[in-house]
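Take a look at this single chain in C-alpha coordinates; it is the form predicted on its own.
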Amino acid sequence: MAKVELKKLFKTYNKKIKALEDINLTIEDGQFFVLLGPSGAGKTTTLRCIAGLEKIDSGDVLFDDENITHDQPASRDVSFVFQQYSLYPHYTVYENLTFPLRSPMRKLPEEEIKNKVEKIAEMLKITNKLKNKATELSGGEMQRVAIGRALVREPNIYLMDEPLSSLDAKLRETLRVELKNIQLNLNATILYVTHDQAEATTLADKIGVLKEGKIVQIGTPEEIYENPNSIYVSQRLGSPKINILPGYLFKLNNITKIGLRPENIELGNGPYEGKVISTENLGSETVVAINFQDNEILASIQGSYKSSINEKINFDINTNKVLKFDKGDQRIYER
(Lines give C-alpha, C1' and ligand atoms only; values in the text may rest on other atoms or scores of the structure.)
Protein backbone atom coordinates (compact mmCIF):
# COMPACT_ATOMS: atom_id res chain seq x y z
CA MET A 1 0.00 0.00 0.00
CA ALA A 2 1.04 3.62 -0.44
CA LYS A 3 0.36 7.16 0.66
CA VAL A 4 -1.31 8.98 -2.24
CA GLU A 5 -1.17 12.74 -2.78
CA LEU A 6 -2.91 14.97 -5.28
CA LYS A 7 -1.41 18.44 -5.65
CA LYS A 8 -3.12 21.33 -7.44
CA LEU A 9 -4.95 19.00 -9.82
CA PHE A 10 -6.89 20.62 -12.68
CA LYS A 11 -8.90 18.81 -15.33
CA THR A 12 -11.18 20.25 -18.02
CA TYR A 13 -13.19 18.66 -20.79
CA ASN A 14 -13.55 20.28 -24.22
CA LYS A 15 -11.36 23.14 -22.95
CA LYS A 16 -14.27 24.73 -21.07
CA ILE A 17 -15.97 22.26 -18.69
CA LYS A 18 -14.13 22.32 -15.37
CA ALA A 19 -14.23 18.78 -14.03
CA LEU A 20 -11.60 19.26 -11.30
CA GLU A 21 -10.31 22.55 -9.96
CA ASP A 22 -7.29 22.84 -7.65
CA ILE A 23 -7.69 19.44 -5.97
CA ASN A 24 -5.32 18.99 -3.01
CA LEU A 25 -5.69 15.73 -1.17
CA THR A 26 -3.61 13.32 0.91
CA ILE A 27 -4.70 9.73 1.50
CA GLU A 28 -2.52 8.16 4.15
CA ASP A 29 -1.18 4.63 3.85
CA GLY A 30 -3.83 2.25 5.22
CA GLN A 31 -6.57 4.89 5.24
CA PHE A 32 -10.15 4.49 4.03
CA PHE A 33 -10.87 7.82 2.34
CA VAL A 34 -14.31 8.60 0.91
CA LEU A 35 -15.08 11.29 -1.67
CA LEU A 36 -18.68 12.37 -1.15
CA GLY A 37 -20.77 14.44 -3.52
CA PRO A 38 -23.67 14.41 -6.00
CA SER A 39 -23.46 13.30 -9.62
CA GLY A 40 -21.23 15.58 -11.65
CA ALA A 41 -19.15 16.72 -8.67
CA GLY A 42 -15.95 15.16 -10.07
CA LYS A 43 -15.71 11.96 -8.02
CA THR A 44 -15.13 9.48 -10.84
CA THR A 45 -12.84 11.89 -12.69
CA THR A 46 -10.62 12.03 -9.59
CA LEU A 47 -10.32 8.24 -9.57
CA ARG A 48 -9.54 8.12 -13.28
CA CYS A 49 -6.82 10.77 -12.92
CA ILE A 50 -5.15 8.73 -10.16
CA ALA A 51 -5.37 5.58 -12.28
CA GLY A 52 -3.95 7.38 -15.31
CA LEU A 53 -7.10 6.82 -17.36
CA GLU A 54 -7.55 10.59 -17.73
CA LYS A 55 -4.81 13.02 -18.67
CA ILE A 56 -4.74 15.93 -16.23
CA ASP A 57 -4.27 19.52 -17.39
CA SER A 58 -1.91 20.43 -14.57
CA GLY A 59 -0.90 19.27 -11.12
CA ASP A 60 0.80 16.21 -9.69
CA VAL A 61 -0.07 12.70 -8.51
CA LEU A 62 2.35 11.15 -6.02
CA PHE A 63 2.62 7.64 -4.58
CA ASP A 64 4.83 7.54 -1.47
CA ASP A 65 6.35 10.91 -2.47
CA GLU A 66 7.22 9.63 -5.97
CA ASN A 67 5.75 11.68 -8.80
CA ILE A 68 3.85 9.31 -11.13
CA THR A 69 1.83 11.99 -12.96
CA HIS A 70 3.06 10.95 -16.38
CA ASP A 71 3.36 7.19 -15.77
CA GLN A 72 1.26 4.82 -17.87
CA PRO A 73 -1.79 3.23 -16.15
CA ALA A 74 -0.24 -0.26 -16.16
CA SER A 75 2.81 0.90 -14.24
CA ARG A 76 0.86 2.68 -11.49
CA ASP A 77 -0.26 -0.56 -9.86
CA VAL A 78 -3.77 0.41 -8.79
CA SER A 79 -6.87 -1.75 -8.47
CA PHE A 80 -10.12 -0.30 -9.81
CA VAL A 81 -13.58 -1.52 -8.76
CA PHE A 82 -16.26 -0.15 -11.06
CA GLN A 83 -19.95 0.49 -10.45
CA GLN A 84 -20.81 -2.35 -12.83
CA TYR A 85 -19.42 -5.80 -12.21
CA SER A 86 -17.17 -6.04 -15.31
CA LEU A 87 -16.60 -9.79 -14.91
CA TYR A 88 -15.63 -12.21 -17.64
CA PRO A 89 -19.03 -13.93 -18.00
CA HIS A 90 -17.89 -17.37 -19.13
CA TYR A 91 -15.01 -17.64 -16.66
CA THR A 92 -15.56 -19.33 -13.33
CA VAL A 93 -15.35 -17.26 -10.16
CA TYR A 94 -11.92 -18.76 -9.53
CA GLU A 95 -10.74 -17.79 -13.02
CA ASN A 96 -12.08 -14.25 -12.60
CA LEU A 97 -10.25 -13.89 -9.30
CA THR A 98 -6.98 -15.26 -10.63
CA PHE A 99 -7.01 -13.15 -13.80
CA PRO A 100 -5.17 -10.09 -12.39
CA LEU A 101 -2.57 -12.37 -10.78
CA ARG A 102 -1.66 -14.06 -14.06
CA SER A 103 -0.28 -10.90 -15.60
CA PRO A 104 3.12 -11.47 -17.31
CA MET A 105 4.44 -8.63 -15.14
CA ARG A 106 3.76 -10.61 -11.96
CA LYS A 107 4.87 -14.16 -12.79
CA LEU A 108 3.47 -15.57 -9.55
CA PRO A 109 3.72 -19.31 -8.84
CA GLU A 110 0.44 -21.20 -9.07
CA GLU A 111 0.44 -22.16 -5.39
CA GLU A 112 0.72 -18.50 -4.34
CA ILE A 113 -2.12 -17.54 -6.69
CA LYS A 114 -4.30 -20.30 -5.22
CA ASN A 115 -3.58 -19.19 -1.65
CA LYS A 116 -4.36 -15.53 -2.37
CA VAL A 117 -7.64 -16.38 -4.10
CA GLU A 118 -8.78 -18.73 -1.35
CA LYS A 119 -7.99 -16.17 1.34
CA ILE A 120 -10.01 -13.40 -0.36
CA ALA A 121 -12.86 -15.79 -1.27
CA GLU A 122 -13.16 -16.73 2.40
CA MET A 123 -13.22 -13.07 3.46
CA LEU A 124 -15.98 -12.34 0.94
CA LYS A 125 -17.89 -15.54 1.75
CA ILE A 126 -17.82 -16.85 -1.83
CA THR A 127 -15.66 -19.96 -1.31
CA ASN A 128 -18.57 -22.21 -2.30
CA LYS A 129 -18.96 -20.27 -5.58
CA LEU A 130 -15.41 -20.63 -6.90
CA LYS A 131 -16.40 -23.25 -9.50
CA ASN A 132 -19.50 -21.36 -10.67
CA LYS A 133 -19.55 -19.39 -13.91
CA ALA A 134 -20.03 -15.66 -13.42
CA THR A 135 -23.33 -15.89 -15.31
CA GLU A 136 -24.67 -18.22 -12.60
CA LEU A 137 -24.28 -15.67 -9.80
CA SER A 138 -26.70 -13.21 -8.26
CA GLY A 139 -26.02 -9.50 -8.47
CA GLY A 140 -24.62 -9.43 -4.95
CA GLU A 141 -22.36 -12.37 -5.61
CA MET A 142 -21.07 -10.80 -8.83
CA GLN A 143 -20.17 -7.62 -6.98
CA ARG A 144 -18.37 -9.65 -4.31
CA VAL A 145 -16.32 -11.26 -7.08
CA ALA A 146 -15.60 -7.86 -8.64
CA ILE A 147 -14.38 -6.57 -5.28
CA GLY A 148 -12.43 -9.78 -4.72
CA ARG A 149 -10.69 -9.45 -8.07
CA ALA A 150 -9.31 -6.12 -6.88
CA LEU A 151 -8.45 -7.37 -3.40
CA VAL A 152 -6.34 -10.34 -4.51
CA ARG A 153 -3.66 -7.91 -5.58
CA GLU A 154 -1.60 -5.74 -3.26
CA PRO A 155 -1.63 -2.47 -5.21
CA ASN A 156 -0.62 1.03 -4.18
CA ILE A 157 -4.29 1.95 -3.75
CA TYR A 158 -7.75 0.50 -4.31
CA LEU A 159 -10.00 2.85 -6.28
CA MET A 160 -13.71 2.11 -5.82
CA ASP A 161 -16.36 3.84 -7.93
CA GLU A 162 -19.71 3.40 -6.13
CA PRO A 163 -19.36 -0.40 -6.20
CA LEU A 164 -22.45 -1.05 -4.06
CA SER A 165 -24.89 1.38 -5.68
CA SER A 166 -26.64 -1.19 -7.89
CA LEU A 167 -27.42 -3.55 -4.99
CA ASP A 168 -30.53 -3.63 -2.81
CA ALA A 169 -30.46 -1.81 0.54
CA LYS A 170 -30.00 -4.86 2.77
CA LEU A 171 -27.13 -6.24 0.68
CA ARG A 172 -25.45 -2.83 0.57
CA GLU A 173 -25.56 -2.71 4.35
CA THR A 174 -24.03 -6.20 4.64
CA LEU A 175 -21.25 -5.53 2.14
CA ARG A 176 -20.41 -2.19 3.76
CA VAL A 177 -19.63 -3.95 7.01
CA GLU A 178 -17.65 -6.69 5.27
CA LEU A 179 -15.69 -4.22 3.14
CA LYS A 180 -14.68 -2.15 6.17
CA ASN A 181 -13.57 -5.28 8.05
CA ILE A 182 -11.54 -6.46 5.05
CA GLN A 183 -9.88 -3.05 4.73
CA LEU A 184 -8.84 -3.18 8.38
CA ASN A 185 -7.56 -6.75 8.06
CA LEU A 186 -5.50 -5.94 4.96
CA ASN A 187 -4.47 -2.47 6.15
CA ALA A 188 -5.47 -1.38 2.65
CA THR A 189 -5.38 2.15 1.24
CA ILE A 190 -8.78 2.82 -0.33
CA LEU A 191 -10.26 5.80 -2.13
CA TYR A 192 -13.99 5.21 -2.38
CA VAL A 193 -16.45 7.54 -4.10
CA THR A 194 -20.15 7.73 -3.37
CA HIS A 195 -23.16 10.01 -3.13
CA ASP A 196 -24.57 7.81 -0.34
CA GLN A 197 -24.15 9.35 3.11
CA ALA A 198 -24.58 6.00 4.90
CA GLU A 199 -21.64 4.56 2.96
CA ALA A 200 -19.54 7.62 3.72
CA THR A 201 -20.16 7.64 7.47
CA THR A 202 -19.83 3.87 8.02
CA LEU A 203 -16.75 3.32 5.83
CA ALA A 204 -14.63 6.45 6.02
CA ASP A 205 -11.70 7.30 8.21
CA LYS A 206 -11.88 10.64 6.44
CA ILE A 207 -14.36 12.24 4.07
CA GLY A 208 -13.64 14.78 1.34
CA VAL A 209 -16.76 16.68 0.23
CA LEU A 210 -16.78 17.57 -3.46
CA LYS A 211 -18.77 20.37 -5.05
CA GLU A 212 -18.52 21.16 -8.76
CA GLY A 213 -14.98 19.85 -9.04
CA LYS A 214 -13.68 21.42 -5.83
CA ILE A 215 -13.00 19.86 -2.44
CA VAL A 216 -14.86 22.13 -0.02
CA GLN A 217 -14.12 20.32 3.25
CA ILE A 218 -12.10 17.36 4.55
CA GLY A 219 -12.60 15.75 7.94
CA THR A 220 -13.69 12.70 9.87
CA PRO A 221 -17.37 11.73 9.56
CA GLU A 222 -17.94 13.28 12.99
CA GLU A 223 -16.25 16.55 12.00
CA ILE A 224 -18.21 16.83 8.77
CA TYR A 225 -21.49 16.18 10.60
CA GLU A 226 -20.90 18.33 13.68
CA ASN A 227 -18.87 21.16 12.14
CA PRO A 228 -19.75 21.65 8.46
CA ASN A 229 -18.21 24.81 7.00
CA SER A 230 -21.18 25.61 4.74
CA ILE A 231 -24.83 24.82 4.11
CA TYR A 232 -23.79 22.60 1.21
CA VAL A 233 -21.58 20.45 3.45
CA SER A 234 -24.20 20.34 6.22
CA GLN A 235 -26.67 18.83 3.76
CA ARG A 236 -24.33 15.98 2.72
CA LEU A 237 -24.75 14.07 6.00
CA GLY A 238 -27.74 13.49 8.24
CA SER A 239 -31.02 11.63 7.97
CA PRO A 240 -33.56 13.11 8.39
CA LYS A 241 -32.07 16.08 6.57
CA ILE A 242 -30.90 19.16 8.40
CA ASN A 243 -33.37 22.06 8.72
CA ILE A 244 -32.14 25.20 6.97
CA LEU A 245 -34.21 28.10 8.29
CA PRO A 246 -34.17 31.91 8.35
CA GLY A 247 -32.47 33.27 11.45
CA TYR A 248 -35.34 35.58 12.39
CA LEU A 249 -37.54 32.58 13.29
CA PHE A 250 -35.58 32.22 16.51
CA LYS A 251 -34.86 35.93 16.99
CA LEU A 252 -31.39 35.71 15.45
CA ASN A 253 -31.98 38.79 13.35
CA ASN A 254 -28.30 39.33 12.55
CA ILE A 255 -28.00 35.79 11.13
CA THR A 256 -29.24 35.10 7.60
CA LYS A 257 -29.73 31.33 7.92
CA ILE A 258 -29.36 28.67 10.55
CA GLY A 259 -28.96 24.91 10.42
CA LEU A 260 -30.81 22.80 12.94
CA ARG A 261 -30.48 19.03 13.10
CA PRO A 262 -33.81 17.22 13.70
CA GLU A 263 -32.44 15.44 16.79
CA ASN A 264 -31.70 18.82 18.41
CA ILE A 265 -35.40 19.72 18.61
CA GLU A 266 -37.31 18.76 21.75
CA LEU A 267 -41.04 18.13 21.35
CA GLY A 268 -43.81 18.57 23.92
CA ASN A 269 -42.50 21.59 25.80
CA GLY A 270 -40.87 24.87 24.94
CA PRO A 271 -41.57 28.46 23.87
CA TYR A 272 -42.28 27.72 20.21
CA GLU A 273 -45.65 26.54 18.91
CA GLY A 274 -46.42 25.01 15.52
CA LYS A 275 -48.79 22.56 13.89
CA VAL A 276 -48.11 18.95 12.97
CA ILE A 277 -47.88 18.37 9.22
CA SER A 278 -47.09 14.65 9.35
CA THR A 279 -45.46 11.91 11.39
CA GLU A 280 -43.30 9.08 10.07
CA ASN A 281 -42.64 6.12 12.36
CA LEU A 282 -39.30 4.54 11.43
CA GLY A 283 -39.25 2.00 14.26
CA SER A 284 -36.37 3.22 16.41
CA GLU A 285 -37.36 6.85 15.85
CA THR A 286 -40.24 9.01 14.68
CA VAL A 287 -39.87 11.99 12.38
CA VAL A 288 -42.38 14.76 12.97
CA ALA A 289 -42.85 17.53 10.39
CA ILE A 290 -44.00 20.81 11.94
CA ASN A 291 -45.36 23.97 10.34
CA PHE A 292 -43.81 26.90 12.20
CA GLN A 293 -44.54 30.35 10.80
CA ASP A 294 -44.96 28.88 7.30
CA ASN A 295 -41.66 27.00 7.53
CA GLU A 296 -41.46 23.22 7.65
CA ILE A 297 -39.28 21.88 10.45
CA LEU A 298 -38.35 18.21 10.87
CA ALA A 299 -37.90 16.87 14.39
CA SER A 300 -36.60 13.42 15.25
CA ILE A 301 -37.34 11.68 18.54
CA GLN A 302 -36.51 8.22 19.83
CA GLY A 303 -39.29 5.64 19.79
CA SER A 304 -42.87 6.28 18.76
CA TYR A 305 -44.80 9.53 18.90
CA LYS A 306 -48.53 9.90 18.37
CA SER A 307 -50.14 13.07 17.08
CA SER A 308 -52.82 14.22 14.67
CA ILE A 309 -52.49 16.33 11.55
CA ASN A 310 -52.84 20.07 12.36
CA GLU A 311 -52.50 19.35 16.07
CA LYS A 312 -50.78 22.17 17.94
CA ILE A 313 -47.38 21.22 19.25
CA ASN A 314 -44.83 23.00 21.42
CA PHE A 315 -41.12 22.55 20.96
CA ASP A 316 -37.73 23.88 21.98
CA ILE A 317 -34.33 23.87 20.30
CA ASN A 318 -30.82 23.14 21.57
CA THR A 319 -29.26 26.54 21.06
CA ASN A 320 -25.76 25.12 21.59
CA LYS A 321 -26.21 22.98 18.48
CA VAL A 322 -27.51 25.70 16.13
CA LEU A 323 -25.29 26.22 13.06
CA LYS A 324 -25.15 29.80 11.78
CA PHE A 325 -24.52 30.80 8.16
CA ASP A 326 -23.89 34.07 6.34
CA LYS A 327 -25.42 35.41 3.13
CA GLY A 328 -22.99 33.31 1.08
CA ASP A 329 -24.12 30.14 2.89
CA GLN A 330 -20.75 29.87 4.65
CA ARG A 331 -20.50 28.95 8.31
CA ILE A 332 -20.22 31.71 10.93
CA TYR A 333 -17.95 30.47 13.72
CA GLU A 334 -18.34 31.72 17.26
CA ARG A 335 -15.28 33.44 18.69
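Heads up: residue numbers just count along the shown sequence, starting at 1. None of the values given here were measured: they were computed from a predicted structure.
Unshown form predicted together with adenosine-5'-diphosphate (ADP); subsequent notes refer to it.
If you check adenosine-5'-diphosphate (ADP) in the predicted complex, you find no heavy atom from any of 128, 132 and 142 within 4.5 Å. Listed residues 41, 298, 61, 56 were compared with adenosine-5'-diphosphate (ADP) in the predicted complex; 41 is the one with a heavy atom within 4.5 Å.
Comment: adenosine-5'-diphosphate (ADP) is not present in this chain, but in the predicted complex one of 313, 19, 323, 23 has a heavy atom within 4.5 Å of it, namely 19.
At a distance threshold of 4.5 angstroms between non-hydrogen atoms, residue 45 is in contact with adenosine-5'-diphosphate (ADP) in the predicted complex. Stretch 32-40 is the answer when you ask which of 278-286, 302-310, 32-40, 262-270 has residues with heavy atoms within 4.5 Å of adenosine-5'-diphosphate (ADP) in the predicted complex.
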